[in-house]
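In the form predicted on its own, a lone chain appears below as structure tokens.
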Amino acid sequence: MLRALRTPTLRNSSMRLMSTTAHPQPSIGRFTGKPDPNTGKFTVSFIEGDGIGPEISQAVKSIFKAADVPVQWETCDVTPLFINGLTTIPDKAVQSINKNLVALKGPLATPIGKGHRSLNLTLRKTFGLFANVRPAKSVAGFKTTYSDVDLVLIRENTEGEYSGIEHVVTPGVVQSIKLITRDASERVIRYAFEYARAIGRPRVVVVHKSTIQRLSDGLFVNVARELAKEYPDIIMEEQLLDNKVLNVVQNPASYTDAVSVCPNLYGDILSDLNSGLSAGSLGLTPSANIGNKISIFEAVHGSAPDIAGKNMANPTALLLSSCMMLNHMGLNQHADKIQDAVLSTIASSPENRTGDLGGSATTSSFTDAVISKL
């Protein structure tokens, strides 16, 4: 999946970029869906999301149509239901995703003040999405602080501090429990080793703070040590969280041959840090949530209600996430064609970049520019 995000070499802004690199997938969580025998198209569940979600989703649909991608969309409404004190996803959406085995998701806003837990967490729990894959790569032609960032981080997606286990001990004192289990740790760490092997990276870096969290992070590290014996072709390294942050900021290029893996909270923070180093914006960052059978690909930025409906939103993150999805589905040529058009559009000129990237393009004009480069 990371190789789907390589930076193209641009000799001129009008050059059409066509990729020939293979996109091997890890042995865990592979897509097993089949196209409709009548149409030859795959059905993909689409959660358009809130705020700017519908606008950037329309950009994806328009570009997929122009690129003649063999995908038909099945819209999913995940407006949460509160049943027996728990946030749940409507049955129709659950059935759609279980049937199609893959979904694309725009940004979601969890209703405030109604007792709902995070909708993103609810989706991960509902579909067993144990690994969050976040590649972060510099984009040719778009200048940021660093020009050589090529990072992959895999975050445990179901437990840790995000387990939602909190209670009041006494007025003014609350307790939040960090849940780490052997099963969840083994799932995500094994996936990290398989991912590294699939994309040809010789190192897996296990990020932790077991010097302080001796039992919880200690369990995570011990599981990694055990699994490392099964992957003699991969070097396993252990790094304390604070050291990893310092190292990646000082020299992100030192991790271009590595896949990092860590518990939930650390991954949430580190993945955004990586995005800042690579692109200076979450608007260019794709993401995949991987389960054994089902995977959901998403833009990780917020719903940006302040610009919703104003034709200002940047659809790049959702577009690159859709390219990760297409590679996951084995539709590599379509993924390459769209990705190359997106990246060459961003590289071409400020007029073809949206406001968050210092440009003047609208959502629709950016979409049209991408289509012109397909």
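Residues carry their position along the shown sequence, with the first being 1. Please read all numbers here as calculations on a predicted model, not as lab measurements.
Separately, the form predicted together with a small molecule exists; it is not shown, and the next lines address it.
- This chain lacks the partner; the member of Q213, S303, T181, Q239 within 4.5 angstroms of the small molecule in the predicted complex by a non-hydrogen atom is S303.
- Shown alone here, R124 lies within 4.5 Å of the small molecule in the predicted complex, counting heavy atoms only.
- I307 belongs to the set of residues with a heavy atom inside 4.5 Å of the small molecule in the predicted complex.
- Proximity of D217 to the small molecule in the predicted complex: non-hydrogen atoms within 4.5 Å are absent; the residue sits far from the partner.
- Among heavy atoms of S322, none comes within 4.5 Å of the small molecule in the predicted complex.
- Residues placing heavy atoms within 4.5 Å of the small molecule in the predicted complex fall in a single listed stretch, namely 307-315, out of 24-32, 61-69, 307-315, 325-333.
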